[in-house]
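The chain that follows stands alone, in the form predicted on its own, written as structure tokens.
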């Protein structure tokens, strides 16, 4: 008799626990996450970036290609045919892989010639893809290296373009997490707004 009562009591405790956890984790937690996603700006709708007229031109979280000397260029992409969000991924090549070494050397030579610097001055993020292949940011060094080319192609003052880079540079998160970075899409939008 004691064993039956104990078993029934333990079963009732288990059922109550199951019901409480179902409500907490199956209802309250998802509703709370949904509410935070709707209340905090830029957290749930893809971090869209829009022009001043309101047209969506991309996401602040996914890089995209910019062609032409009048634009700041992003990091190389290894995602599909380039910045394909459905094919996110790096090259998975070792640092001493001959194909990667050759690709980096070719990129370095091309960027050095385009930006008027020596090959040794080209930053690493300018010639290597990120782990996702979709990195929307570049280093401030790489952005500053492109200032002269972009200003010349647009026929505007390099100091103005340099100021845009400074304004677009984001510091470390909380002052110590990550590295300073520049979002290429946002920088190019601000560049477009000045001419």
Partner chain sequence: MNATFGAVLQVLVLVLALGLVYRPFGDYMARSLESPRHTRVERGIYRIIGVDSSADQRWSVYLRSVLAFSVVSVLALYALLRLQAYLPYSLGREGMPSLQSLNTAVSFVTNTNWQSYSGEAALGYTAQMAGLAVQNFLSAAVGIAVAVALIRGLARTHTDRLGNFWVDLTRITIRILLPVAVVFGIVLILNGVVQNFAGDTTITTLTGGTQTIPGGPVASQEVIKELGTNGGGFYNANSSHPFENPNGLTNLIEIFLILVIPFSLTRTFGRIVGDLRQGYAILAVMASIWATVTGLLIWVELNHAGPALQLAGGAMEGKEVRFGVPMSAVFASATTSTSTGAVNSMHDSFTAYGGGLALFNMTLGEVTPGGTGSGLYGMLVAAIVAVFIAGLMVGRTPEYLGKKIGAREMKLVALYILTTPTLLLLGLGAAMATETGRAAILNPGPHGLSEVFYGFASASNNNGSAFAGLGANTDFYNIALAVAMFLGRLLPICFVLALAGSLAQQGKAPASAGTLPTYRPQFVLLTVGVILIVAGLTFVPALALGPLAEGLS
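Residue numbers count along the first chain shown, from 1. Here the structure is a predicted model, which is why all the values come from computation and not from measurement.
What comes next is about the form predicted together with its partner chain, which does not appear here.
Although the partner is absent here, residue 81 lies well away from its partner chain in the predicted complex, with no heavy atom inside 4.5 Å. In the predicted complex, its partner chain sits beyond 4.5 Å of every heavy atom of residue 160. With a 4.5 Å cutoff on heavy atoms, residue 167 does not count as touching its partner chain in the predicted complex; it lies far away. Contact annotation for residue 151: none of its heavy atoms lies within 4.5 Å of its partner chain in the predicted complex. Scanning 53-77 for heavy atoms within 4.5 Å of its partner chain in the predicted complex gives 56, 57, 58, 59, 61, 62, 63, 64, 65, 66, 71, 75 in sequence order. One change in the predicted complex concerns residue 88 and residue 30, whose Cα atoms lie at least 3 Å closer than in this form.
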